[in-house]
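Single chain ahead, written as structure tokens, the form predicted alone.
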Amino acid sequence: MSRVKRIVLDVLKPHHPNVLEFARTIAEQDSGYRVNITVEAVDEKTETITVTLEGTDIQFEQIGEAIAHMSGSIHSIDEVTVVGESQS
């Protein structure tokens, strides 16, 4: 079984919650998650952000649900690191 160790997402979100609250909510999905967010663009109502998430076994569906719950939408998966069971 393979495990997702790192994923980079292009996300569109409203101004609220702010990026700190957004990062905390994603990080709270698992105690081992490390989240980095870079704001790429800001307009009147939204922010385009790059979310970099690292962990031992990232559950993408759970992350997608957390982002959707905060009214964000994933535009693309820009990068991913997956390792096989024998490498983890």
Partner chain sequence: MNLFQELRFLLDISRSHRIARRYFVTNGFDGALAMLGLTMGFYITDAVAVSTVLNACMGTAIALMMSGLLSAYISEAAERQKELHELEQAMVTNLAHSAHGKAARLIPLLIALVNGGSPFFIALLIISPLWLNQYGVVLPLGPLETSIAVAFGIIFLLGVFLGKISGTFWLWTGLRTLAIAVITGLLILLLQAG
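Residue numbers count along the first chain shown, from 1. Note that this is a predicted model, so its numbers are computed, not measured.
The next section is about a form of this same protein that is not shown, the form predicted together with the partner chain.
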Could you tell me if all three of R3, R6 and Q62 have a heavy atom no more than 4.5 Å from the partner chain in the predicted bound form? no
M70 versus the partner chain, in the predicted bound form: is there a non-hydrogen atom within 4.5 Å? yes
4.5 angstroms heavy atom contact with the partner chain in the predicted bound form for D78: no
Verify the contact flag for A23: yes if a non-hydrogen atom of it lies within 4.5 Å of a non-hydrogen atom of the partner chain in the predicted bound form, no if not. no
At 4.5 Å between heavy atoms, is T46 in contact with the partner chain in the predicted bound form? yes
Any residue of 1-23 with a heavy atom within 4.5 Å of the partner chain in the predicted bound form counts; write them all down in order. L12, K13, P14, H16, P17, E21
